[in-house]
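First, one chain by itself: the form predicted on its own, in structure tokens.
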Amino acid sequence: MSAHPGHGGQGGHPGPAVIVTGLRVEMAHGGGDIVDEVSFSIAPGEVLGLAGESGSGKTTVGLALLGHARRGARVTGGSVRVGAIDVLSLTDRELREVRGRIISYVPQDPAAALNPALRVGTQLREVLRAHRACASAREASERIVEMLREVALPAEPAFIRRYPHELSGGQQQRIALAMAFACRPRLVVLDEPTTGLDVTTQAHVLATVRKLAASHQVAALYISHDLAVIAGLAQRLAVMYAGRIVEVGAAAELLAAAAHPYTRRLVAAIPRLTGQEPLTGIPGRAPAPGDRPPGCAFAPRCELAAAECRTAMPALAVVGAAHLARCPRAAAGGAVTTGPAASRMAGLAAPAGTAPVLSAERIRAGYRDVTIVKGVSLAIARGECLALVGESGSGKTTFARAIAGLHPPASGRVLLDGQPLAATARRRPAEARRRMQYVFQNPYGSLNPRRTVRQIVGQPLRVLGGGTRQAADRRVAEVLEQVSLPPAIARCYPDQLSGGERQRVAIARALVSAPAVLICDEVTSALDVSVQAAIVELLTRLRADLGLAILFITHNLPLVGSIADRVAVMAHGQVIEVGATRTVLRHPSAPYTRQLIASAPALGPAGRAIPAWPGRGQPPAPAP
């Protein structure tokens, strides 16, 4: 079998543009490998998706293609060939010549790729000058106009003179793409470039990547934890687990008929727009480098694991045409078993006529002289989940913060169990604050790094009153169990936890005071699909067990179908459509809602990618 699974050569091309063979990256001071036995190839104009949970080694592989390793790691084996260039044999000086000209990189955070002190035009010109891509200043100016048009950005002088902070997130990311493709490289490594973007902006960025790779015959490695995104973008897909590729093949075939149990689990964790298939998380957690068990690293989490799986690491075996999997039982298939929480959505909707536990009436809010939320009214019943969706800047978070008293509204009122609340949380009684809790988007920023989990979760009890210290400790232990965290984690600090564990801690802190209403602000936006599924399972179970009313803010429309009873769609500070989730997702009445749904990357019932823009040749017009 070839060392380069899924060779990827396409008609008309002499061979792969990129060949990676036996790549191994180790910890610099011992402790084992981070990635090992990684081999693949990419053809000119092809997009190869690289997927897996956080910590699987995706970014490590992507950086190795640039001849780079993060601090504390070093490349110790294998080869990376881009055309005739052996990247791993180059000196630092030679690498500086290659990066940007032959191999370019697009990071997850566009703000990290752009210099905040330099204008956009200056930064685009710098790329061309550094790699001597243009013979004259006039040619460089013409090339900058061409680059901006390629990424669907205005090429007017006023736009070129802007600074990065004057651009939206999607515009910043498209500038980063323009810089990456500026010198027509042979390989572009894209590291989660759409994480955190709303579905419409994400669709424009993905369409830009697809167009640029095909038109300039650039090989692209697209790193993502979102299989639905990869399904609509990449021709082939490689799945990583614990530092190794466990399955590789044509993206459509692999997602429709995954062979490795881990890949099947990832596919089962992807939300569908129909909401008919329950989300199921993956029990347990991936092993850290240096702590991998003997044999298959996925065996401790695998339902199909046999004795042979725990003794020796399986080799990549052929399961179909250009389809390989690292599992001795890959050909056996087998359905993924759903947990008991999978059917909990049935019957959870609040009974008709139930009095709302939370009401917001004609809320107007903004910043200085700019009105962001323009007279929005919504109500949530006990035990109901209402999803609030819309593009970035539509006013979702401002509305939620106004309800919680974190952003005083200019007008309107908020009622809890029919009783009006003060505009700011500080002026609300402790009982009202106890009954309404907020879970923020970023668990890395919302948890105090100097406090243990026990102190963080117990803080609301100290502020709002929770009896004796012994009673508070018992309540903390109880709520940690509710969010499926082990008791020992109470002694840990946030930096010792994964992203999913941090988000569970944030949810535990919100639940410790036994609230009636939970406001969840994009709590799954940066999480792996498996962790996202586990969080959705958790919130669904808490609704059933505790009767929580949940306002679930998200830009992930497929996720809405798996958690919400009703959905409200916001645009330009107003609710333009509200109704039962299934009705809105299947039969949207507002053109804006139809555009959002058309832009959302999603999988069909059999794992097939749903086109980003059904029945259209072009994506929706870019947002200004």
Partner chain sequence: MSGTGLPGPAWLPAAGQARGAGALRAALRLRRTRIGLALLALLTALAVLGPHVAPHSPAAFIARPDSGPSALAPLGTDYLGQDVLSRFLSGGGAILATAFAAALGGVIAGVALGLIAAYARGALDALVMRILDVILAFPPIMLALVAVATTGPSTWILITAVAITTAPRVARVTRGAAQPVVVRDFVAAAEALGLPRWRIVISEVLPSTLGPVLVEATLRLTYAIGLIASLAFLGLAANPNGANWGTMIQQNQTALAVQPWGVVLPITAIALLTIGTGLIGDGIARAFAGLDRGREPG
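Residue numbers count along the first chain shown, from 1. Keep in mind that this is a model prediction, so the values were computed, not measured.
One more form of this protein, predicted in complex with the partner chain, exists but is not displayed; see below.
S.K.: Taking heavy atoms and a 4.5 Å cut-off, does Gln217 contact the partner chain in the predicted bound form?
M.R.: No - in the predicted bound form, heavy atoms of Gln217 and the partner chain never come within 4.5 Å of each other.
S.K.: Please tell me whether any heavy atom belonging to Lys58 falls inside 4.5 Å of a heavy atom of the partner chain, as the geometry stands in the predicted bound form.
M.R.: Because a heavy atom of Lys58 falls inside 4.5 Å of the partner chain in the predicted bound form, the answer is yes.
S.K.: Considering non-hydrogen atoms and a 4.5 Å limit, does the partner chain approach Gln123 in the predicted bound form?
M.R.: Judged by the heavy-atom cut-off of 4.5 Å, Gln123 is well away from the partner chain in the predicted bound form.
S.K.: Hey, in the predicted bound form, is Arg401 touching the partner chain, heavy atoms inside 4.5 Å?
M.R.: Yes, Arg401 is a contact residue.
S.K.: Work out which of the listed stretches, 434 to 442, 197 to 205, 374 to 382, 85 to 93, brings a heavy atom within 4.5 angstroms of the partner chain in the predicted bound form.
M.R.: In short, 434 to 442.
S.K.: Which of these residues, Ala252, Ala312, Ala155, Ala288, gets a heavy atom within 4.5 Å of the partner chain in the predicted bound form?
M.R.: None of the others qualify; the residue that does is Ala288.
S.K.: Name the residue from Ser168, Ser359, Ser392, Gln459 that puts a heavy atom within 4.5 Å of the partner chain in the predicted bound form.
M.R.: Here the answer is residue option Gln459.
S.K.: Considering only 108 to 146, what residues come within 4.5 Å of the partner chain in the predicted bound form, judged by heavy atoms?
M.R.: Heavy-atom contacts to the partner chain in the predicted bound form: only Gln108.
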